[in-house]
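First comes one chain, alone, set out as structure tokens in the form predicted on its own.
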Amino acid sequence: MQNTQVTLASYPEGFPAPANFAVVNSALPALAEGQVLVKTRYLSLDPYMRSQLAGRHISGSIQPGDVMLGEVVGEVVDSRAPEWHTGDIVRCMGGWQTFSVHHHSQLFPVTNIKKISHALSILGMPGLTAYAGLIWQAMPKPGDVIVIPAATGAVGATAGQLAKRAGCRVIGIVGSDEKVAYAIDTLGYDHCINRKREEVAATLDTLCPNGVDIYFDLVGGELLHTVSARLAVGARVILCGMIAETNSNERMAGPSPALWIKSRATVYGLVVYDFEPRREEFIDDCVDDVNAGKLIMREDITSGIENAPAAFCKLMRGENLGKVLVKMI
């Protein structure tokens, strides 16, 4: 069998383009004792991958010629390990390729999730990120006012729904009218601001006259300054992502500490890998609601591994709506 892979062809300058990637074919190696061959069903595409290309992500870096890294849900098609059998559905770091070989200890079962793509989206790393930041770090209380930029992305959409489930008043910030409508009509946000059409600072002053209790920051940049100036006393700030600066080599200076001191804020740096040992705790709390359609996630699905570069570039331009996945055909 041939394995189709996507490799890095060249480092992007600014926003990545499909030309920065190459699609290649290679032969599959023979399995050694204890190894398992997995056929990818879905590949997850995530913003952190851009930081890997820049060599500044905690999970590692990518060099030209390397296969792109990424989490997948796949099916065991051959096994030389008694722990796994043909037909088992698993989650693993399979990368941007149609097949991957793993030691048996590198695989995790997907068993109680009705829609297997959810193991990469609302019940996967994005869901765990949202849950860890909101529930375990911010510890929301009924009536808290929470602001979430990138509100319809994979992490933001989950955090918003969890905040509503906890009895919070939830305000989103997005970049299009379509995303505003989706946030309010489908995800249940109380309000949503189109940052390209509205003055964010003035709108927050109107919507949050008593300040912001929780800011779940997914973008960094100017928005972090804007919201930090509007925190309520006792606010919690979750620093989770830097989408506004992902495609830039420059870094904006952070907000003045005086803004956080004045509000007696607690500021958390969120690295989802710290919470990996608690993943099953998160899934146990949410899987019934996900399977019943009470917690939802829109999945932006592209078909075919050869189209992964274009889908990733779309994600980096902020043109996706929901969790970006590649479905193998």
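Note that the structure is predicted; figures quoted are calculated from it, not measured. One rule holds for the numbers: they count along the sequence shown, beginning at 1.
Just so it is clear, the following notes concern the form predicted together with a small molecule, a form of the same protein that is not shown.
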Can you check whether Ala32 is within 4.5 Å of the small molecule in the predicted bound form, heavy atom basis? no
Interface membership of Gly70, the small molecule in the predicted bound form, 4.5 Å heavy atom rule: no
So in the predicted bound form, is the small molecule close enough to Gly175 to count as touching (4.5 Å, heavy atoms)? yes
Verify the contact flag for Gly241: yes if a non-hydrogen atom of it lies within 4.5 Å of a non-hydrogen atom of the small molecule in the predicted bound form, no if not. yes
Site test, Pro47, Lys179 and Val219 vs the small molecule in the predicted bound form, non-hydrogen atom cutoff 4.5 Å: yes
Candidate from Gly160, Gly94, Gly124, Gly153 lying within 4.5 Å of the small molecule in the predicted bound form - any heavy atom: Gly153
The small molecule: the contacting residue among Ile301, Val271, Ala292, Ile261 in the predicted bound form [heavy atom, 4.5 Å]: Val271
Counting only non-hydrogen atoms, choose the one of 61-69, 35-43, 271-279, 22-30 that falls within 4.5 Å of the small molecule in the predicted bound form. 271-279
